[in-house]
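Given as structure tokens, the chain that follows is alone and in the form predicted alone.
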Amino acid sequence: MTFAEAEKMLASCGQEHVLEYWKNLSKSERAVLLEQISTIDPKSIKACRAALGKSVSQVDTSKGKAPKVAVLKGAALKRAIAAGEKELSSGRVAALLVAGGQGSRLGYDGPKGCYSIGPVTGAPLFYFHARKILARSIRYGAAIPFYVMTSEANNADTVRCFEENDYFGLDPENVFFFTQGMWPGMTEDGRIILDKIGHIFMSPDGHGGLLAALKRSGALDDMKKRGIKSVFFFQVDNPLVEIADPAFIGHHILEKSEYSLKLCAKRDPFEKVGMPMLVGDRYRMVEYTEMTEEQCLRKKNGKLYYLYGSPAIHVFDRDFLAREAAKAMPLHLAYKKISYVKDGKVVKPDSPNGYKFEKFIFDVLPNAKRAAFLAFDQKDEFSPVKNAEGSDSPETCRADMQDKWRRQLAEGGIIVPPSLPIEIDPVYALDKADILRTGLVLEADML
């Protein structure tokens, strides 16, 4: 982009001030600023300005209903597994990982996916995800293409991590990296914020931004060429996730669902998780802040009526993603303290002064013609790494990983005492069935 092109584009959306300090910039600083400006869509800027001072329209949930959540057992479980295995064997399943975050909250300077979590080896989060995908691909004799959404801040380091570890055994041809979008911050009167004289303050556009990013990067076209039908979505901070679980994939297929969610029972009525709710004839994700105390505590048959929350483990129909990627999504605003330039100097505010804009993936749930919900046991599939210490920390996650392996080994008659650290490569033993088949070898290795 040239200066003249940038000037014309900014004028079209009332943001000429972004070039105010052009004459004070070095050649390299000008190049950076022009690169930032080139990523800005005037239509998006107008949408952001229109959203200022507004909130996403709230839906009356007073007459909402809890969704029917399937608990697969017996013949139903066998049918779902068979349907899922057919999809996997036919190469119609892809994995989609949201991995744009940094490990700063964990005291780690780098992509969160590179954070060491292996109880014995210290392997990074990416290792466990990639090895599960590889194990599933080997088991079903078909590739599971792996789409990894990064951010501008961590893309290079993420790719380097995969390269330095030989893609954790995956074929590089089946790994597709793409970056999520970045949105400029704005003042209350709709002016783009400069956090330096030659730099626009930008922030990630949220996990909902993956739809536009999938389209922009060519990932959706790549999925179509590969014949992908079902896309398993998960987040980087949960190494317990059962990626492309055949029962979940099969349930999604059998229900003819466009958007399927795995849900787990809340640990307490007021746990800070989103909950799906049937409002009218459409399902919506309702935040805990939108629920009344009466709704949170309401019980049916001795259990919470709104028992299940979402940890962001989904399966999407690829055609649904493509359809939604062509639409505008609601914008969620966050009022934050953002450094800004005044009279050529950087000012750090003492109170919030600007807005960040995000899109949330669950906002497309009401657009799904059919949705499905499947219950799972939190102790087996969800233990995120979010905090440096306390709950949902590396310490609790490593303990949960080992507890799961110990339970699986115990079913094969192998008792591993809590004092003995344990770690199992998913390619060696992906799940309980593999562990039972290879139990004698594991026992011999440990002696």
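All residue numbers refer to positions in the sequence shown, first residue = 1. What you see is a predicted model, and the numbers here were worked out from it, not measured in a lab.
Just so it is clear, the following notes concern the form predicted in complex with uridine 5'-triphosphate (UTP), a form of the same protein that is not shown.
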_Residues Ser104, Pro204 and Asp237 all lining uridine 5'-triphosphate (UTP) in the predicted bound form, heavy atom within 4.5 Å_ = yes
*Hey, of 211-219, 337-345, 365-373, 93-101, which bit sits against uridine 5'-triphosphate (UTP) in the predicted bound form at 4.5 Å between non-hydrogen atoms?*
93-101
_Residue (of Lys404, Lys386, Arg30, Arg49) lying close to uridine 5'-triphosphate (UTP) in the predicted bound form, criterion heavy atoms within 4.5 Å_ = Lys386
*Between the options Asp195, Glu290, Glu87, Glu358, which residue brings a heavy atom to within 4.5 Å of uridine 5'-triphosphate (UTP) in the predicted bound form?*
Glu358
*Does uridine 5'-triphosphate (UTP) get within 4.5 angstroms of any non-hydrogen atom of Met149 in the predicted bound form?*
yes
*May I ask you to state whether Thr158 is within 4.5 Å of uridine 5'-triphosphate (UTP) in the predicted bound form, using heavy atom distances?*
no
*Proximity of Lys112 to uridine 5'-triphosphate (UTP) in the predicted bound form, heavy atoms at 4.5 Å*: yes
_Given that uridine 5'-triphosphate (UTP) is not shown alongside this chain, does Gln180 nevertheless sit within 4.5 Å of it in the predicted bound form, heavy atom to heavy atom?_
yes
